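We begin with a single chain expressed as structure tokens, specifically the form predicted alone.
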């Protein structure tokens, strides 16, 4: 895992293969440590060519020895790499203005962050006159994100992980679409889903991006993983009640249901474990997030 340079990654992404990559969020790693005895990492990750973790997420992972150990063991399943946000510039071939817009659009769910970026980074200048990327990225991380001191002494930056995951996923989507077939984000954080979804709306309207080919970004929430594991037989009917009681709580789920006339309805609502159990038996339902 260590020692993988960003240029090695670019070379790997230029092989022309149809790669399947996943990006991990901290909350999903925590969930996967809980269920490890029931569903092994090999069953979950062996289908992916690469497992990627932004550095801002890796900092959160390292708050727990269990999470850190789980990630270190994933190297037996697939290629694992932690990506420093500073290296995002290399990944976009040094197109600093475009990288600025990716960060801006991935913050559009939080108006305070958008205001901070425009006031303290863009500073009413043409985007071509921005300070060097590494400088304004540091300003954004150190001064733009709300901070909270954790019990272990680490300073937590609110939404840092969600924003970094969103930007990285769109870098792969737009700059490596010829080599990547699947980009799946493992996360149950609604903010991560909303940040990616809002950015998608804006990118599809932006002249710089709207006509470019891109790879779709999909999600695997904890509920979608459970849904998948029951269909693959990793969790059998006799144990599903105990599994849900142990590892799942009531949460909001976005899903579709096929109606009798083959039309598709979309729903987004709180689902308790009893209702979720019924959903697992319903072949007309597809979970989105």
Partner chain sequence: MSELITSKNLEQVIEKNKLIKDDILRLTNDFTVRFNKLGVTGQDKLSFSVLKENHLIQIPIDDEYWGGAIITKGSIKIPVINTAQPRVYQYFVAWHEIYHLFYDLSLRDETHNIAVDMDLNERRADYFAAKMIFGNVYDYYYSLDDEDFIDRVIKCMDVYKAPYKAVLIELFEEAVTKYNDLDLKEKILEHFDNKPENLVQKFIDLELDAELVKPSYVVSLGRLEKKIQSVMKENPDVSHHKDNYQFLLTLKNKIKKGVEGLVK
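Everything quoted here is computed from the prediction, not taken from an experiment. Numbering follows the first chain given and starts at 1.
From this point on, the text means the form predicted in complex with the partner chain, which you will not see here.
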Quick check on this chain: which one of 241, 252, 43, 36 has a heavy atom within 4.5 Å of the partner chain in the predicted bound form?
252
Can you pick the one in 111, 151, 124, 213 that has a heavy atom within 4.5 Å of the partner chain in the predicted bound form?
111
In contact with the partner chain in the predicted bound form (heavy atoms, 4.5 Å), from 171 to 179, 93 to 101, 157 to 165, 132 to 140, is stretch 157 to 165
Should residue 190 be counted as a contact of the partner chain in the predicted bound form, where contact means heavy atoms within 4.5 Å?
yes
Wondering, does residue 194 line up within 4.5 Å of the partner chain in the predicted bound form on heavy atoms?
yes
If we define contact as a non-hydrogen atom of the residue within 4.5 angstroms of the partner, is residue 115 a contact of the partner chain in the predicted bound form?
yes
